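Read the single chain below, which is given as structure tokens and is the form predicted alone.
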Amino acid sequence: MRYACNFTISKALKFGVVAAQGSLKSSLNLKLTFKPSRNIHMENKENSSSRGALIVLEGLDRCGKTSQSSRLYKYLDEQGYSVESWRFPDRNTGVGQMISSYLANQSHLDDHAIHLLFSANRWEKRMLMEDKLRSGTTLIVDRYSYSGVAFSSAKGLDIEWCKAPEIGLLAPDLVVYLDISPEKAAERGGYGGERYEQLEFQKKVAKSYLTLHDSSWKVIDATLPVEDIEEKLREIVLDSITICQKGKLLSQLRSS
């Protein structure tokens, strides 16, 4: 009788061990079954490419870029977009302060040297710019690479040489050119306060800009009433932001 009892206990223990092993194996299999699903979820999250848009306003001095950039920023902010207003040159950096002194006619530099400083000023902000865009912030930028190339080539520098230091900067999602004749711009208040605000030079800059235009640029007549310009600008900028939110990839300037 004692033997039978011991045998029964032994069988029960054996059965318990086997059951425990089976349960553990089942548990491991269950974890393995869910693991691929977790990976797929993470991959989908990492591949989410919704981002902010890089919007650049270009044009001759006194074409209204700064005013329209400010108006556009205020509008997008009020609509609930994550948005920042930038301007080049950024005079708050060390390089930017050297450029500011030059533009105010307080210092003199070789044309090649000042062009490279303008380019370096943009490179100073390149990493921050990409971080902002990837985080979903739209950037409204008053002047960018095109200004650097247009103004330097207007001085007589080789245009391809002027483009070279810009290769690798982020390419704008939208370039809006505010079109005005040099003569009309010269009639606006404050004209002539900085080095480049000279009518004959601005005529050369306008010709240089023409060589940079391509089908991706949007041109707005800068002589229209301010409110009309603002309305046209809002429409094309909102379209660009929507495209970026849907996953448009970032690209590099003149990478080809």
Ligand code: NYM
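A residue's number is simply how far along the shown sequence it sits, counting from 1. The shown structure was predicted, so the numbers you read here are calculated from the model rather than taken from an experiment.
A second form of this protein, the form predicted together with this ligand, is not displayed here; the remarks below concern that form.
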In this shown form the pocket that this ligand occupies in the model of the complex, once superposed onto the local C-alphas and checked for 3 or more atoms within 2.4 Å of backbone or C-beta atoms, is open
Looking at His112, Arg91, Arg134, Arg126, which is the one with a non-hydrogen atom within 4.5 Å of this ligand in the model of the complex?
-> Arg91
Location of this ligand contact in the model of the complex, chosen stretch of 126 to 134, 178 to 186, 81 to 89, 67 to 75 [non-hydrogen atom, 4.5 Å] = 81 to 89
So in the model of the complex, does any heavy atom of Leu103 sit within 4.5 Å of this ligand?
-> yes
Mark Gly148 yes when one of its heavy atoms lies within 4.5 Å of a heavy atom of this ligand in the model of the complex, and no otherwise.
-> yes
Is the gap between Tyr196 and this ligand in the model of the complex 4.5 Å or less for some heavy atom pair?
-> yes
With the cut-off set at 4.5 Å between non-hydrogen atoms, does Arg143 touch this ligand in the model of the complex?
-> yes
Residues of 112 to 129 having any heavy atom within 4.5 Å of this ligand in the model of the complex, listed in sequence order | Phe118, Arg122
